[in-house]
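Below, in structure tokens: the form predicted on its own, a single chain.
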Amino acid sequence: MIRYDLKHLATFVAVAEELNFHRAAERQNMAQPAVSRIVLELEDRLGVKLLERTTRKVRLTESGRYLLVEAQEILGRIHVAEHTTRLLASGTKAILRIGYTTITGHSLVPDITREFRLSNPDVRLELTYMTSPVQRDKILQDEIDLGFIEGSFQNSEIESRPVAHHRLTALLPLDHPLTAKKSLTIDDLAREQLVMGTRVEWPTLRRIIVDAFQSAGQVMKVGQEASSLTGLLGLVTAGVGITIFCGMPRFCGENAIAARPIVTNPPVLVETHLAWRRTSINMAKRRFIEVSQKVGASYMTP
């Protein structure tokens, strides 16, 4: 078996690139006789001549030229592997799989993503829309690393921290009579046919809104459903009805839809938690959690 190590390859590459044993020795921080000995060992173990030496110059043989190209590539890959391994260990290079909901997808998660990427450019974020129940399952199955989940929950395998509070907001067509009011009550909305996200796509928010109506002694009337926020906003702008969301979607201008806060007593707050599996934590996750709490502070309604 041919036995040589990375020192043999690195020393040979230094000599082959410099074509000078003295400069190669300085580059490798070695004595020149040691450089000569290592190159001779490599030639002996390969059974081929790699260099032609004279008192005036050093020249690569055909075999030496071939080995130089291959050795440069090998050493380059090893350098990248070592560098990446250190980065991964420190958490500065990784892939984070993150779930988000409709509520967090239009402003909170984009703001956190922007802030995190500024200080962690080597970490790739894979953002995927999922409902809160699906995110819980994916975290337990280790299919996502972190999830932005609406509502609190208890699970011994999942840790979570609140990162945002959202107040309920009514989104209305610009010509709707209720736009004359600065704020709306559940009684105001109980008289209207609402357009709402489906129970499949909005399981948590629908439950929170239904509870708010029931607490006020009212029943929510849903005239039309849609499976996405885009579909709901289209229905509102078309004058089909009013929808209830958490704030004004960032991509929706005030010249298209009117937003009015919904006043309840006590106030209804939709709480977003950042969740992850307790036994699966690393530096990249820790930094993402820190950034999420920092950015989310501005979303924490007093």
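Rigid core (definition): largest C-alpha set, two forms, superposition within 1.5 Å. Computed from a predicted structure; not experimentally measured. Note that residue numbering follows the sequence shown and begins at 1.
Not on display, but discussed next: the form predicted in complex with the DNA.
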Is A256 close to the DNA in the model of the complex, meaning a heavy atom pair under 4.5 Å apart or at it?
no
Quick one: does G47 come within 4.5 Å of the DNA in the model of the complex, counting heavy atoms only?
no
Would S36 count as a contact of the DNA in the model of the complex, using a 4.5 angstroms cut-off between non-hydrogen atoms?
yes
At the 4.5 Å heavy atom threshold, is N265 in contact with the DNA in the model of the complex?
no
With the DNA left out here, work out from 256-264, 55-63, 229-237, 242-250 which stretch has heavy atoms within 4.5 Å of it in the model of the complex.
55-63
In sequence order, the residues of 20-36 that place a heavy atom within 4.5 Å of the DNA in the model of the complex are N20, F21, H22, N29, M30, A31, Q32, P33, A34, S36
Using a rigid core superposition, assess whether R23 undergoes a CA shift of 2 Å or more between this form and the one not shown.
yes
So, superposing on the core, is the move of T11 at the CA at least 2 angstroms between this form and the one not shown?
yes
Is it true that T237 shifts between this form and the one not shown by 2 Å or more at the Cα, once the core is aligned?
no
